[in-house]
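We begin with a single chain expressed as structure tokens, specifically the form predicted alone.
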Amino acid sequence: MSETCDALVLGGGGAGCSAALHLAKRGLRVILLERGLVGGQASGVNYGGVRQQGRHAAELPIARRSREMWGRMREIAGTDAEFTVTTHLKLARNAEEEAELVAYLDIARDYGLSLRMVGSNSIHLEYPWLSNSVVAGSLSPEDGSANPRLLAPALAHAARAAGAVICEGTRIVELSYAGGMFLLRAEDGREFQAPLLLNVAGFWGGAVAEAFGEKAPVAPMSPNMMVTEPLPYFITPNIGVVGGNVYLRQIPRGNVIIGGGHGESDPSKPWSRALPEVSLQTQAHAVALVPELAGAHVIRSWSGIDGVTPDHLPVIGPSRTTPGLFHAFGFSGAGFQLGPAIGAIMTELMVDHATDVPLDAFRIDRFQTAAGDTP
């Protein structure tokens, strides 16, 4: 006997849990299906940056909308998920990187994102703990960070309270569409059907799309993450660099979270881990930026599995082959901040058949060549 509802959400990350919440609030009977635990992959194991700065211009309208929602997260999900406006400081280490930061100011301004350039003299006056390798920076006053382990579970809890059903430990092994209904069968034999299906399955979203005749080249990506012992608190902004080979932030209790490079994974299990050699290289990049981190003990390292597309932009929008199917996957390591807004936007597409956020850059058929094949 199949469980029937109005909408199925496949994937329990931040975007999926937000969608379940928003759909339920619109009065739909919603079932969210997650193979592991909500927030168990990309949404829960990332760096925790809540940044708008540095995003592709096409993502900025989503990021702007999501930033407004982050400011109301306690109202939306019952917790702020430790969201703090720390600012985001993106650093340049040579003249070419500084020019890249300057060029981005105009892009940000077009979308209402106010940034401030910090020149070579000011950068060391304002942040004396930065090394001389830093020549300039760009400061985003609205940006910050949050605890990725808290977001998806809180949104799932709110979704349950709104009437959604959250099914963890439910691995889907068969997907089909007939007679205007999607039928999903789980490994344990349970079946679920609905006229609407939202594919927010991260890396596995590519396989879901392919089951309905749509190809999107999505590769697994595992962020290499680590955290130090508590240190005296001195790094106030969320730090990034042009080129992205290291990023770091310090939480008030003193631990410094450092990311950079990639670990290894096996999505078929799923299984992932950080790599020692990558961690050592990332530590060296961090110390080159912030010399006071030299000698800090790393107490834990970890990774997870996200999906990355060739152009590093997600797939967002309706299916081009199957009515009632909607996609939001392949966030390429940058989906944590976007998750709350993605849930709201997908709800608008599924219920109202329209949204005021431009999504053309994220069409799934952008990967198709003139011959109709995926490159």
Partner chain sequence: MRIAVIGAGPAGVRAVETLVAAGHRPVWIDEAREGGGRIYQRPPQSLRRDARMLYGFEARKAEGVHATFERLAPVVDWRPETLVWHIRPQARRLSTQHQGRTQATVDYDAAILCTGAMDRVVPVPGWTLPGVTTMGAAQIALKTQGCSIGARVAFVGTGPLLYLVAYQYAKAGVTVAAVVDTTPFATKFAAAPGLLRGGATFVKGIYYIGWLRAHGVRVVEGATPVAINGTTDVQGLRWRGSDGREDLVACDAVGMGWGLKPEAQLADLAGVPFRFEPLQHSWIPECDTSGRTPVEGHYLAGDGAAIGGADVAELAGARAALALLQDAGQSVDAVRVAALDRALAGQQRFRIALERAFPYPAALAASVADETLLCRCEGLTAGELRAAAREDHDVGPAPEMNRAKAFTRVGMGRCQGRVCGPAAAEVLAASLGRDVASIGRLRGQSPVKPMPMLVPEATP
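Positions refer to the first chain, counted from 1. Treat the numbers as computed from the prediction; the structure is a model and nothing was measured.
Only in words, not in the display: the form predicted in complex with the partner chain, which the text now covers.
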Notebook entry, point to check: From the list Ala95, Ala294, Leu125, Val173, which entry has a heavy atom within 4.5 Å of the partner chain in the predicted bound form?
Noted result: Ala294
Margin query: By the heavy atom within 4.5 Å rule, which residue out of Ala284, Ala161, Ala219, Met181 makes contact with the partner chain in the predicted bound form?
Written below: Ala284
Item checked: Partner contact for Gly307 in the predicted bound form: the partner chain, 4.5 angstroms, heavy atom -> no
Check: Taking heavy atoms only, is Leu150 within 4.5 angstroms of the partner chain in the predicted bound form?
Finding: yes
Margin query: Taking any heavy atom pair closer than or equal to 4.5 Å as contact, tell me whether Leu275 reaches the partner chain in the predicted bound form.
Written below: yes
Notebook entry, point to check: Does at least one non-hydrogen atom of Arg253 fall within 4.5 angstroms of the partner chain in the predicted bound form?
Noted result: yes
Checklist line | One stretch from 192-200, 112-120, 99-107, 258-266 that, in the predicted bound form, holds residues within 4.5 Å of the partner chain by heavy atom | finding: 258-266
Notebook entry, point to check: Thinking of Arg65, Asn238 and Ile345 as one candidate spot, does the partner chain come within 4.5 Å of a heavy atom in every one of them in the predicted bound form?
Noted result: no
Notebook entry, point to check: Going by the partner chain in the predicted bound form, which residues of 294-318 come within 4.5 Å of it through any heavy atom?
Noted result: Ala294, Gly295, Ala296, His297, Val298, Ile299, Arg300, Ser301, Trp302
